[in-house]
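Shown next are two forms of a single protein chain, provided one at a time as structure tokens under the names structure 1 and structure 2.
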Structure 1
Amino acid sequence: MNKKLKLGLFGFGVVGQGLYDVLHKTKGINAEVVRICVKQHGKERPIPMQYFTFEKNDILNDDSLHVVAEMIDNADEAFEIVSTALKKGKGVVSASKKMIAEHFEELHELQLKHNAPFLYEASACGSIPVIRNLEEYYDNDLLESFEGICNGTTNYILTKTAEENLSYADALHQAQQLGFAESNPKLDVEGYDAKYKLTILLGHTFGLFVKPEQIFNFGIQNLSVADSTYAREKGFRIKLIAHTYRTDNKVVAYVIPKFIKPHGLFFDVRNEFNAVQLGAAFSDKQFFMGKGAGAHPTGSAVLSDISALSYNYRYEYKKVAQNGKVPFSNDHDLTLYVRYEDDATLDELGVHSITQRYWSPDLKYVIGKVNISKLLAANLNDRKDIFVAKVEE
């Protein structure tokens, strides 16, 4: 049944305003924003002040508001709002990937316990309808792999630096100006944002709740001119890719830069676009592409969730309850390009099965195999002396 939904909105930043705009430009949706809770007093707002409140309970305690749309930046406050709203039996939509990833299992339990729907399509891959696709179309165990460009900021930086010769700092600055980057851009460039999204997608791809800290992520912050030259000379483009797949009776998941060959599906995915490649047992590969960041693309994903709530849609997490699930593991070897400074790094990472080795006074790299558990233990994001990228085999 399509019912008129009254919304309480938390946050009026890039995503909150995007949602408001998209909602007002979409005729066929039976929902209205009644109240908006914001933090900052005295800020000029593009819509009348009568909509705004600074008191969260004005929304949370208002029984006439059926749905809470949580679009704020602070993950801890977001969890407080979302969990309170679910406990009150309200429908909730959210785009807060860090918050959802960090509390995924608990949020699942809250939905069951309080019989309250929680939708978060906008939290992963922006405007690409990936979560509902994984939930509904792939509600079976035929799905074997997920690979995605899940972060718009890093794809924007990689595109602008490789194709337009922009400096890394200028490209990041542009991504910030355009509203793509997180307020702490380390989350984007070090692969954390992509990892939070992957954590959520892992739940819907394979029915597994895995803590973000168990998943290896490495970003593009150490990418050097030498690494880019290596890629260019071989005709590759570098993309930050979130992976999860079944292999040898286990599920692995990690975020890492990857050299993409010219025929690769991700090769031409530019700027803030995201893309997803699914591999399934009988249908082989499927590819989806769409804007992964920015006010309106993200707002449109939130809008779609609101519309779905008006038809009483909820995620059923069928794969979570499935028997015979394959466990998550980090015991899996990847073939990597490893640029390093100190020879001890190769021992520390346990690099083996080396097929290429380059050594000069200015540049050292190998192509070889590294176990994901070693990568995770080495805290690569805290180091400046190393860059790793996956090599397509």
Structure 2
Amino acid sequence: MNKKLKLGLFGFGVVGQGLYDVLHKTKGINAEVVRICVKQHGKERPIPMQYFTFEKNDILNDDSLHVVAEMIDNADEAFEIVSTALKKGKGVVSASKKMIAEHFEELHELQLKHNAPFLYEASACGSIPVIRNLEEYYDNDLLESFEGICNGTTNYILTKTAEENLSYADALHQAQQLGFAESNPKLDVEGYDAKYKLTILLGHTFGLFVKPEQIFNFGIQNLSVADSTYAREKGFRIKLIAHTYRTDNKVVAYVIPKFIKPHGLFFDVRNEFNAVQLGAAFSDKQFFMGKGAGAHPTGSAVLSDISALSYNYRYEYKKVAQNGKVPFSNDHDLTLYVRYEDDATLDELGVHSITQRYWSPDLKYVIGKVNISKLLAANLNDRKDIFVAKVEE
């Protein structure tokens, strides 16, 4: 039997308002928002001011509140809120992927030490229930791979470059006008957002706690008309994909653009939608798709966690207990399209086993193999002279 939950909410921006909205429109969820902590004084709010406070301890020290819902955009402040709530034995839900990724192992230990549940479905893939599936459906199946479009902003931009022949800059501007991209889109377009999500998912796929800085990420910010033209002429579409899989008795993980062939399941995932493909030893491959951004999709994922808490649900982290034999490693070769300007770049990246090479006054690229460790060391997101994309083999 579920119990009535009283919630303290931190943040009332897009996600916080989305949660409040879906909670009050959903029948059967035995929960209510009692108090909301915000920072900005004098701002007009869509609900009565009696709900609001500007003091975090009004929620954290209120023993009548069962659950803290953390929906703010400052990772350091979010960690302070979440860790304090867990230490007080409160249930916590969060959508803060950067905060969770940077403190994942510590948050896991706090849950165990204080016997407090912490759920964060909305931090991974928007409305797609991937963490719950990894925890429950795949807990007794030998997982082999996770592959996903985990960022709606970049997928929207790439949809426009593919279908409307827009330049990257024009597609980004359109995404910003529609509210899909921030004025400073670095975290999305350079693949950091997808990497934070992948860091979290590594714990639920292979039971590994890996620091975000150990994982290679490269985004779409250097995408040129020439790259888009190459993909179009080959019949491919470019998607920013987060990968992790078991290979050669190790686990690898990285975020990189990928050329998707027409028969690929990600080929027709358009606009702000996310998609996930899981591969397992016995159940083979399964595919999930849903909206990855927006107030209501994210709010619905948070609401699902709140509902689960009312039934005393918590993550069991079975794969963390099972793991110990398969390490994380960046010593793995990828087959890549590498568009470059200076020939020295190929030596720097250690490109080898080249199968294609093209040179003209306006464009130079090769297709060959590159070790992930070389990519990580090269700090490619700080450079403007290169674009790399994974080639399906």
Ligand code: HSE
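Reference numbering: structure 1, starting with residue 1. Keep in mind the model is a prediction, meaning the values are calculated, not measured. Note that the rigid core is defined as the largest set of C-alphas that superpose within 1.5 Å between two forms.
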| property | result |
| --- | --- |
| Chain form predicted on its own, by structure number | 2 |
| Rigid core superposed: L172 CA moves 2 Å or more between structures 1 and 2 | yes |
